[in-house]
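What follows is a single chain, given as structure tokens, in the form predicted alone.
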């Protein structure tokens, strides 16, 4: 598949729901205009990304290692500054105001090992005005995690579940999940995905970066294929399957085969 020329990829539910014209008029939740991130020794990690994403979508951000997925997520979070171009979240650039809208799950453990889960919930409740402690405790119970346990006593997979619970307990507008199921065993993945599906804020959008496409494909509304810092394919998951006559997982393997 050849890389597309720069264009604006418009991931809008209204494109698949022509009877809902009000969705067309709604402003994008996330908009990128000619977004570029350049590392001096490595060239462009992202190059001329033009993208509009609206509320109410579950989106797979898919690409091989080093394709720019984590760089994209960190730019949207405001953890990195663009080399060129612009990002808007509900019409404003990433900053203090946008942080209430964005809930971010990184691809590594960042919590303090000495803390108990209960203490982490209290910390997040104090830090984020949109954090729902009741939701956090409910998810802990369903996942069989004791809120009085310290992180240092937990397996890596259980720590990642705690981080996911903390992220999904925020009533955010945009959830950015970097490899949310990469560290859990296959038996737990369906439960984790169901946790995401049933606990994110209605009307919000979830962007998931992952290599485990076959595990998440069934819940995707849209997919974005990214390679060498460029979007090579973006659109409705159903449209991508219909146009290519194969699953998104099979198409990914074909596009990015070694």
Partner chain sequence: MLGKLLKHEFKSTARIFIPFYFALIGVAAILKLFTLFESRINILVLPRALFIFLYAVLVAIVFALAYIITCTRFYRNLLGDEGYLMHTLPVKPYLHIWTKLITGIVWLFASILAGLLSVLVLTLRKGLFGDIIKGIDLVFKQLGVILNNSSAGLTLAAFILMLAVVLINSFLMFYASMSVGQLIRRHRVIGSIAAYFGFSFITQMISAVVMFILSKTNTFDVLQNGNVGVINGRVVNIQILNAITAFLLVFSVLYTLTAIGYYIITNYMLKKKLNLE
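Residue numbers count along the first chain shown, from 1. Bear in mind that the values here come from a model prediction, so they are computed numbers and not experimental data.
The form predicted in complex with its partner chain exists for this protein as well; it is not shown, and the discussion that follows is about that form.
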* The unique member of 115, 84, 143, 92 whose heavy atoms fall within 4.5 Å of its partner chain in the predicted complex -> 115
* Asked: 122 to 130, 84 to 92, 154 to 162, 184 to 192: which one contacts its partner chain in the predicted complex at 4.5 Å, heavy atom to heavy atom?
  -> 122 to 130
* Within 4.5 Å of its partner chain in the predicted complex: all of 99, 104 and 109, by heavy atom? -> yes
* Asked: Would residue 80 sit within 4.5 Å of its partner chain in the predicted complex, counting heavy atoms only?
  -> yes
